[in-house]
Structures are given as structure tokens and as C-alpha cells.
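Two forms, one protein chain; C-alpha cells for each follow separately as structure 1 and structure 2.
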Structure 1
């Protein structure tokens, strides 16, 4: 059992000081935050569990713990901070860190908690997830006792290989009708409503073309409702929960994995913004209010490691903080809007400063409303890309090296947005739950120019078949031709298919 160590008195004073500075002087608004002191083994253990001290039993947590421990022992990595989106939030300080490390972590944590509390994409997450995770763990341990560890872990493996097949925006958008069908109000039974009119005026007030058009729409609606599902379903896990022939314990485990996938989704959707926000504030709070002169050099050393990005790597901390600072400067100087966009004199542009002082207000607004995709799309400008020496790169088969492909702003932005949209993963939908009228499952890959990786697709089909318990299929495009990938529980098949985009 994990032993919670007492936070030393001098660190408690520092936590209180940074808390007051962050809240009172800079206006950060965070949940109550509870800090715990842990040694590096405990830190690796908690990190392996995704930041939660108590979760369900599964072999992958042990594997991740070993990886973290080995990486830490060989000096390849170090976990500086960990914080949980919960109310109250929990954060961990590593025993043995020097004082400047601890101060950096504490300020960084308060900014993260401010982001959790105020960013829109975290607004639907469970704020009592620590308790919920413990509840998940208790339920799965009961299934282990009754069914055996191998059976339960095998099914968890299956569910985890499907946990990215969810609709990341569904917590915010109602995509499904709560009432799919009402047998008392079948479209076929309905009559086309007509305006009252005398017989001799009817053909003018209710033209036949209009009536025929409405009949056609009702017929299409009736045909749509006959489909299963009526519309393509992006939340594949939900569709499986509602329609797959699962035993009770299997359905419960699938629902747990799905719930946790939705809980962690906003962290993936806002990685650049969240880390950039925390880095922005730890730098400002420490350098302007907390550090002594003697600590500045140590902080610069720590911060440079956080901001470091190797050649060809995207560092979310560095990109995020640079964009926030660019937005703050632009809104302070009035470098936005129609007047600014129409300036084509370079000297006038470089000297532009309307001294509006709106930068701080603007970055708080951005932190509240945006995710990484909209953040980059809205605020990353050509000037920003040029100043930060951004470029795209790719593998050159002739030279066998990774090389710069382009410094063109449009290509840089497109590539970055492609990587961030749906986390760079293919868009997969349930198209038909009764494919070939044999109860087979048909998925659709919404093709955006990137083909499916065949080995990954086969692995996912195998997992789907274990849940659906009937043959499963996915339609996609390969070499510019429609292809149907199928798995019947024994063999994988590939056949030509008429691909029609949905």
C-alpha cells in the first residue's frame, strides 16, 4: 500500500505563496489542489496508472511501470510533475527534487488546474474521477474473482484496442435522436399537410410538384430509418454496447473502458494549449514573483530542458507557450482585425503598436474556448511560423534520410492540423449492423487521402469480431480503389468494393 509522506513545512509555505500569487495577482482560477510527496518508485507507479493511485488490475500497468523505471534508472527521462483533473485536484511532488524544481512544478500544476477548471473541452469530464476510477477497479476485481484473471484481462485487451473508436465531440453535440422511431407516427402513415383551399384554388396553393417533393422526402426518411443504424455512427463503442451480444460483465467492462476514454480525450485534444498555458504561467509566476536572484540560473536550466525540442520534433510546451505569447503581444499592440490585415507596408507593420493592452484578457479567453485544432487554425500566422523557423519534413527514399520538405506556411499549417485532427487517426463509422442481411458488421473508413495501415486494421477487426461475435468488415480505399477488408473469426479477406463516401 502506498504511504503518503508529509509535505515538509518549508514546501507547504512555498505552495501557499505560489497559490496566492497565482490566484490573487494573476487571476488564475483553480480547484482546491492537494499536493502529495512521493519517491521516484511511487511516482512511476502512479504514472503507470495514468495518474490515478487506484485503478483496475491489468498487465499493461505493470509493463508501463517497468518502462518508466528503466528509463528513469538509465537517466533517459524524469517525471517532473503529475496532476489529476478532479475536484479537488491531486498533484505529486517528487521527493529529492531541488527547491527550484519544486517551485516550477507547483506553479505549473496550478496553471494546469486552472485550465482543467475553465477550458470548455474539460467541462463535461467527471470531476470525481478519482472515486470513479476506484469504483471501476472494484467492479473489475469482482469479475476477476468470478471469471478468472486471464478471461477478464483478455477482454480488457480487446476493449483497449477499440478505445479510440469514440466520438470525441459527442459530450458537446447531440448527434442522435433520442426517439429514433415512433410506430404511431411512421412516415409512411403520414399524409402531406396541405393548406386549406377551395377546390378550384387547390392546385395553386398546394402545387402538385411540392406535394410530390414532400412525398419523396418522407419515403427517403422511411428508408433511412430502416437502416441499422439509421445514420453512420461514429461512437463505435457505444454501438457495440447497445447492440453486440455481450454478457453482463463484458458490457460493464466495455462501458468502463469507454467512460475512461472519454475522460482522457480532452487531454489529447488540448495537449499544446494545456502545456503551453502551464509553461507560460510557471515562467511568469516564478521569474516575476517567487524566485530569488540566486535561483534564476537554475530555473533557466530547468526551463530550457522543458522547452527543448530535437530536430524534427514537435514540443507541445514550446509551441503552446510561444503561441500564447504571440497572441498576448498582438492583442496588446492591436495587431489583429481588418485594419491590421490590410496593412502591406512592412515598416509600418513592424512599428505597429496601438497600445491596446488587451493581451492578458485575450489569452484567458483563448484558454477558455479553444482546443488544439482551433487554437492552431485561428492563431498561428505566417509571421509566427517564420519567426519560429517552422517547416515540414519527410523521408527521402533516395538518400535514406529525413529531410526538410517545405517551409511554405500553408503546407506547415495543413500538416500540423492533419496530425491534430482526430489525433491523426482515421475516421471510422459504423455503417451497417446487418450487412448482407446476415448480421455482419460493416464499418466505413471516411477516406481523407491517408490509407489504413493493414496490420492495424486487421488487429482492430479481430477485436471487433470478438465483441460482435459475427463476421466484421470495413470498407476503405487502397491504391485509389474501393476495398472491403473482412474477418470472420478465422481468416482475413480482401475484396474489391464500390466505395461511396458518407
Structure 2
């Protein structure tokens, strides 16, 4: 597929050894994994493409590459490892890393691949994505040949502005509306259902206000059905694919960008869990089985780099691994369930050990069923937050500083969950595809207390307008007031708007 250096013999043996240990002794269950050796330039290149060297052409990969190259030139960062969720999985080793680094990476990779294969949120991802990406690349290159790079790239830019407007849970839920609505029902539905009554009794059995009530209900239902879409839709990209006046090539590019967004979504949804899982296993496999005594110090060194968090930083590797270890210990000692929750005595609590030994089994279950949000929600305890010295921080406008706000558990958890839900991005829905009865598009920002960043919102409206071809609007709240941001292809407007939560 590509020119990459073959893995030297001694490393191949090591890969084999770690693979055996991970599989046979610790029960990790991974796809076949193909390791390739690359130099740092190739590593930067592959990283720029998000792991896929076969992707479609686009300037932002060049930008990413420039930034990665700069920061590796200046020694600010170095990518140790990269692995692609695919069957078989591909993983890249950096040429010139020392042996302990390589061992760490190999073990880390196998754990990632186990996670890809088993975690529920990855279950719907395309496991032939390497091929699919190449296919996307070929299609887009064909459009470039026909229409020129500027035009195609410009449209890709447009689509990328919209690529977070997908419904992260939709791969798991069948929620597509019926293609054809039952139009037959409409005429009949317009008749008001009446109780049977003789004429002279009618106004008693079916009193006027009852009739009015029924009329109103019917009208509301009719209104709802007339609405387009009938209910707010979160997969804005899909709505556009189905209803925007797109040319064939445009629709194809939009669908490609959407597909890739869905492919990458689970990696964002499970960052803490996935990195934690990989870190948990590389530590275990290396220290218990693979390393020689002389290598332990080197390992401690690299591991501490991975686990480093600067002041105020939350390192997903560190948080994740700490949480798995906490779970393992709690389930080993039986520190869970009703009995445990009801203990008030601190001393009893700290000496608690029912020797259940359920820890290992539990963490495997957790890696299968949870994502970052549910992981944190269910397993992060007050003790854990305290032991790990967690806090919330915020921006102090008066001083221009970021400051520690609180160490209160409830606030920490709340903030962390908010940050992780929907990747800390605003919830946006399509509310009306025929706004003002003029074919305008109306989006709804489900307001959760945090306003949108306005210049970016305007940028997205421009992209939307490019796709929808008619004026586009989004309703949101700014300065505690409902506001409608509009873009008609020439001008941006902001007007007061009656904001009703959906």
C-alpha cells in the first residue's frame, strides 16, 4: 500500500511477544494489527491526515502538517504512536525511538485495538475505513479534476463547517421518519369527532367548547404535520442531504464529510476511556511481563511523560487510568452497592475489603459498555475527585486570569459532564425548513446557559446558506434575550426573537 520500512526482526519478535501476553495472559481481544515503521516526517504526515494517508486532498491537512512539523522541529512535541480503527488495524512506530518506547507503544496499541473492537460506541463504525477513505479520496480527486481544486476545496470547507452538526447517537437508533407520510388520513382527520346524538341533544352532548377544543387539537396536529421537519432534527447534515438543492457532486462530498464525521465521533466520545485503557494495559503488560529490570527506569521516564499534566490541565490518559484502577480496586474489595453506600464510619470504610476479586472482570465490562460521559457519571466518586485533587476553573474577566473556582465535588462532576456531553459543543437542531413560509432554514440552538461565539456562528451561517441557497437563520439567546441570527447570502442580521425552548 505504501512505502514504509519493514519492521526490523528484533522488533517483530517483541511485537509477537507482547501480542501473546496481551491476548493469552490478560485476555485482551483485538483485531489483527499491522505495525509499520515510519520516520518522524512520515509520522507527521500520517498524523496530519488523521491516521489515513489515503485521504482526499485538502489544504487543512497541509496546515496540520506544517504545525506538527514545526512543533516537532522545535522539540515541543513528538508523536509516539498512532493507530487506526480498522480491521485489520494499522499502527505506526516511530523510527529511532528507543526499545522501551517501542515496547510501551506496542502494548498501548494492542489495548487501543481491543477497545476499538469491543467498546459499544465503536460497534457501528466502518471497519474497512482504510479502503473507504481511499475511495473518498478517489471520488474527490475526480471532482477536482473536473471542476478545479478551488471550487471543490471551497465546498469541502463549507461542509466541514457543518460536520459537528450530526446526531452522535443516531447510528444506534432508528429514527428516520417514514419516507412518505400518510396523506390519506388528512381529509378524514379534519372532521371533528362527535359523540352520537339526536339533533336536539347535540348541543348538550357535544357542547360548543368541546367542539372548539377538538378543533384546536386537530389544528395543532395538522400544523405539526405541516411542519417540516415535523420534529426538530439534530442530524443537520442529513437534513441538508435530503432537502437542500445540491448538485450531484456537492451531495456526494457532503455525504463523504458526514460519513467521516460519524466514523471519528466515537473516538471523541471515548477519549478518556480509550487512553486510560491503553495506559492501564501498557503499564501492566510492561511492568509485569515484558521489561527487564534494567528497563524499568526508562519506562518510568516515558510513562511519567505520558501521565504528565501541567498545572490546571486534565490529562485524559491520567484521569482514565486512575479511574479504571479505582474501579478495579473497588470491585476487588467490594466497595460498591447498597451496603457500602450506607457505611458512615470512615475507619470502616478505609479498611473495607470483602475480597471479592471482581475488579478485572468489572473493568472489562466498563470498557465494553460505557463512553466518557457515562463512565464519569457512574464511576467518579467524591473520594476519587478528592484524591486526584480535582477542581473547576473559569475565566475571571476582571483580572484576565484563569482561576481555580471550586473543589466541590458536585460542581466538578457537573462541569466535567457538561464538557464531555456533545463534546462540549452547543446542541443545534433543524427546526424549520420552510421558515416564514419562504423556504428559509431555521436552526435552533438549545440554550444551556452558554452563548454561542458570534463570529464563528456567522461563519457557519455562511456555509449553511451556501448549501441551502436560501436565507438561513438560527435562534439562540444572547445577553439573556432571544435573538435570531440571519444570513441571506449578502448581509448578516441580528434581530430580537421570541425564544421558545424545544
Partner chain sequence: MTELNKIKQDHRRFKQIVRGKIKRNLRKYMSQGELTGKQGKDVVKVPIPRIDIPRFRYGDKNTGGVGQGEGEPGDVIGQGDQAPGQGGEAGSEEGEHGIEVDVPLDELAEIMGEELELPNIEPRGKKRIETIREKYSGLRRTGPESLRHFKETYKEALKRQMALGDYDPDNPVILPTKEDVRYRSWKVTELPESNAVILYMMDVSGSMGDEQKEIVRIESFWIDTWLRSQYKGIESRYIIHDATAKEVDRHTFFHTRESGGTMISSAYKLCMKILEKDYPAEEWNVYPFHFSDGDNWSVDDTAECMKILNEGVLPRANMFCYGQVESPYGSGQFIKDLDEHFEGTERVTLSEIKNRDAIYDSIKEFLGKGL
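The term rigid core refers to the most C-alpha atoms you can superpose between the two forms while keeping them within 1.5 Å. Keep in mind the model is a prediction, meaning the values are calculated, not measured. Positions refer to the first chain, counted from 1.
- Remark: structure 2 matches the stated condition (the form predicted in complex with the partner chain).
- Core-superposed comparison between structures 1 and 2: the Cα of residue 118 travels less than 2 Å.
- For residue 94, the Cα coordinates differ by under 2 angstroms between structures 1 and 2 after the core has been superposed.
- Core-aligned CA deviation for residue 149 between structures 1 and 2: less than 2 Å.
- A C-alpha shift of 13.8 Å is found for residue 206 between structures 1 and 2, based on superposition of the rigid core.
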